[in-house]
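Next up: a single chain in structure tokens, the form predicted on its own.
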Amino acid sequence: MFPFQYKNNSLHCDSVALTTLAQEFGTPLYVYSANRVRENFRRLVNAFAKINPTICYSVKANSNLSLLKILKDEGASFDIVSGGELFRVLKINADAERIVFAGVGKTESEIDFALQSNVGWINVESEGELIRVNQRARRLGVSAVVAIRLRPDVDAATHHHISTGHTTSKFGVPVSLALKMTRMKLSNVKIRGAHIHIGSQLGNPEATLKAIEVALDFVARANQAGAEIDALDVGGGFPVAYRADDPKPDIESFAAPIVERLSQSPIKNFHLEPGRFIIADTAALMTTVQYVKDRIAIVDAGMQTLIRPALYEAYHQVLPVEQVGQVSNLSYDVAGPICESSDFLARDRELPNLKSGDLLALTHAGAYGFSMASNYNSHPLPAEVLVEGERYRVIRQRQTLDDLIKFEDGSSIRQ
């Protein structure tokens, strides 16, 4: 069940009133439901059970150690895209051999870190990266297992900022180049997999099925020429309904035709890389109204706290934390404190008559919320709180003003 529900006209996360959390920890504040994290992961496992994939949670969606630990305990593996994310998952004692290292711009030091940590897979996205992985592996005296990320030239029919499988995308390589890469003489690399990921918030499975056909055809042609590819990484992008009336399919319906097709393929080793589906609806961002003017509610959260609306024109439902009196159905824009015209969290939302001090909650804020937050305008990063039933605890302390300048050297400033 969706964790944010009204009880006695007060919005709760599971059994904890959000007003209690705001009073104790202040705002802006990210609030997560541990039970919802587990529920989403288990739904995904069940939806794809017939092909028994290795489910690698996409750490970039939200990298808080406490959330990663919950998922590890549920049996998740991890999909990472940087040395920093590798550092994080190793800190929770994740099994390195079940880590997939993706990303289009891996540095030599990141590749070395991955090889020395014995990560299970490296997804390479260019001929130059494949050569570099081989060179670094040879230097370290190890063998690297890699998958080639294909650019299947499939239109994901999603927002252009989160579409990654089309012809002009920076991600992956065309099939013709991938076939050439499988024929390269590489002493310290084993090409064992094909990887596809065509974008996020996919409206239906049709584009993914088209990309799968491209990948399976590539594997057949490569293996006929002498390659030994026995794994397919299908990526992620599974849809999340941010709006109450969003027509996105449930994960069971989305997975069914994909599972049916893959269960008929000669490949039996599959990876999935879900992030948003697992973590998006587990969290709400709490914020306090500071001023109201001309039907604009100015709050203490903004694009520095949740950049998705400004960056992607993304939608988050805005709920009053307390349902007091009769709903006025007034239309408000919700704006942040940042000195940028794009700093709006929501536009044209029907809300009660707002005043300074009122609390609002933006739902479905778990994915690409805190992980994309910044210190722009020198705002400290918000705190994060994890709720488990009737209990709660801080899983990230709010930054202080001293934290903002902790690594800066002001010794040369003239007084």
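For clarity, every value in this text was computed on a predicted model and none was experimentally measured. The first residue of the shown sequence is 1; numbering continues from there.
Not on display, but discussed next: the form predicted together with a small molecule.
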For this session: Please name which of the stretches 57-65, 348-356, 377-385, 27-35 has residues with heavy atoms lying within 4.5 Å of the small molecule in the model of the complex.
Result: 57-65
Seminar exercise, completed: the small molecule in the model of the complex has a heavy atom of only one listed residue within 4.5 Å, and of G83, P320, P274, G120 that residue is P274
Seminar exercise, completed: From S200, T305, T282, T287: within 4.5 Å of the small molecule in the model of the complex by heavy atoms is S200
Exercise. Is F238 close enough to touch the small molecule in the model of the complex, meaning at least one heavy atom pair within 4.5 Å?
Worked result: yes
For this session: Give a yes/no on whether Y312 approaches the small molecule to within 4.5 Å in the model of the complex, heavy atoms considered.
Result: yes
Exercise. Using 4.5 Å between non-hydrogen atoms, is R149 touching the small molecule in the model of the complex?
Worked result: yes
For this session: Indicate whether the small molecule has at least one heavy atom within 4.5 Å of a heavy atom of H195 in the model of the complex.
Result: yes
